[in-house]
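Quick heads-up: it's one chain on its own, the form predicted alone, in structure tokens.
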């Protein structure tokens, strides 16, 4: 009898999962993702994937949006950690300027956590004073 009970629970669990998935896919029809369907379709087609079901396209858009939000949040945390280390060194000067400056290094570190290695050219400005003349830097 235990075998039947566990089989029945497994079957009910699968039914609940199927119902939740069906409901979620149906809700994607009414959802307008941040990333446009056309953009997602373009990159899906570029990678060789074609599907006429708009729900699948929107599912990819939602997953992409989640990934970008996670990377942005992690990059922000990297930026805050980096700038809090600078505040300890220059406490008086930093009290005036509380802006967060996200650098390519912050973004690279955040992406590295997700297995994406970013290599950027040396000419990118990775400091707030990059591109300023020496007179402006001293101020």
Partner chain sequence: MRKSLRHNDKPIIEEAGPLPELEFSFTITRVAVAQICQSMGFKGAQISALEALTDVATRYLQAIAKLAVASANSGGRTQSNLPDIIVALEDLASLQGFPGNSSIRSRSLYTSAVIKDLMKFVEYTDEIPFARPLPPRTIFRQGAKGKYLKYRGDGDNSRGYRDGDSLRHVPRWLPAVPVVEGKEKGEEGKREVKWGCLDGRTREEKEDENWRFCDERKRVERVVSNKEIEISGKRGKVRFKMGVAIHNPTMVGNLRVQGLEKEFGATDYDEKEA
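These figures come from a predicted structure and were not determined experimentally. Residue numbers count along the first chain shown, from 1.
Another form exists, predicted together with the partner chain; not displayed. Remarks below refer to it.
Looking at residue 81, you'd find every heavy atom of it more than 4.5 angstroms from the partner chain in the model of the complex.
Among heavy atoms of residue 68, some come within 4.5 Å of the partner chain in the model of the complex.
Using a 4.5 Å cutoff between non-hydrogen atoms, residue 39 counts as a contact of the partner chain in the model of the complex. Under a 4.5 angstroms non-hydrogen atom cutoff, the partner chain in the model of the complex has residue 101 among its neighbouring residues. If you take 42 to 58 and check each residue for a heavy atom within 4.5 Å of the partner chain in the model of the complex, you get 42, 43, 44, 46, 47, 48, 49, 50, 51, 52, 56, in sequence order.
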